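Quick setup: one chain, the form predicted on its own, written in structure tokens, and binding and motion questions come after.
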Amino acid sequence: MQIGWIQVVEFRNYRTLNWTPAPRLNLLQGPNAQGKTNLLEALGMLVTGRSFRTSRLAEIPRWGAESSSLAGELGRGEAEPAARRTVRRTLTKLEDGGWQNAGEAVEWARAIAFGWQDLEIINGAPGARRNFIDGFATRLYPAHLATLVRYRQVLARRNRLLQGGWQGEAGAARLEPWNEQLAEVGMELIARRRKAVAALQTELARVYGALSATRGKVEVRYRTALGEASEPAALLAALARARGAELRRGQTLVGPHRDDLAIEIDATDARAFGSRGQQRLVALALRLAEILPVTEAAGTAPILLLDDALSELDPGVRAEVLRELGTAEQVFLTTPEPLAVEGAAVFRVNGGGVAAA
């Protein structure tokens, strides 16, 4: 898919912006703190309706603004007008001080974003890796997000009951309906995560090999205390075994909220492997490995939003990354330094403005 044009009003440091990007590689150059990442965020929000940087809507509108809006044209690459859609999204401040996000869903539109925070996938806490695989699974299977939300609701309710300190048969009876829901929804979540990880691994082997032929083999595996089990009964049994410890600690100790993603280079944990630049390359390869599975699932290629993706990579690897990007559809790549790339459209971002360089 492609973004034909975008109009931004009162978004981050942009008061107003009307911009028509190129259909393939767009280089966004300029010093830091001028709006490059904010523009990527606006592009991503136009496509998906959500920010890839924050869940707090109040952070997004320009300081002091009572509303913010985005509009733009999304296309599937075909020439027919029916393949293009004008999308509008608004953020509006409510009387109670909260913010409302409104806009239509575009079922085939996808965006994949990479930024400095993706290093957390490699060396951060397990929650960062769960968020990564859940985001990927949602791009493959739109129902995954609703399942994730439902699981978190059931988990929160079950934790409240555990914190009440219920003991004996009365406590077991109170927990039973929530155990059943947690097991049913939890195994649905795990099944999609496993499928997503399998799809990711297949493409990751190719992408990482293309970017870094001499830097080993990368593998990802889904880690769960349930092993290879696929039925809710397995999670129910694990909950029963953990009941005493859960009552003492007041929290649910087994389930997909405790799972992790193993990322290894030549059978060694990637957190212990090499330099920050190598870890950054693995994180970037994970994002690029999403492209083909997402394209197949959505029926059209996602746009790529790459924030300073070439930083800390040596020149040879940079060249391989740019070669890989040449096979993608529409790409937006920020860089603080001038960068010469054959066939790229270059734009200068400065003070909330965008101009052809």
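Residue numbers here begin at 1 and follow the sequence given. From a predicted model like this one, the values you see are computed outputs, not experimental measurements.
If you look for the form predicted in complex with a small molecule, you will not find it shown, but the lines that follow are about it.
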Given a 4.5 Å cut-off on heavy atoms, tell me which of 288-296, 309-317, 53-61, 325-333 is the interface stretch with the small molecule in the model of the complex. 53-61
Considering 69, 48, 34, 300, which brings a non-hydrogen atom within 4.5 Å of the small molecule in the model of the complex? 34
Find out whether any non-hydrogen atom of residue 18 is located within 4.5 angstroms of the small molecule in the model of the complex, and reply yes or no. no
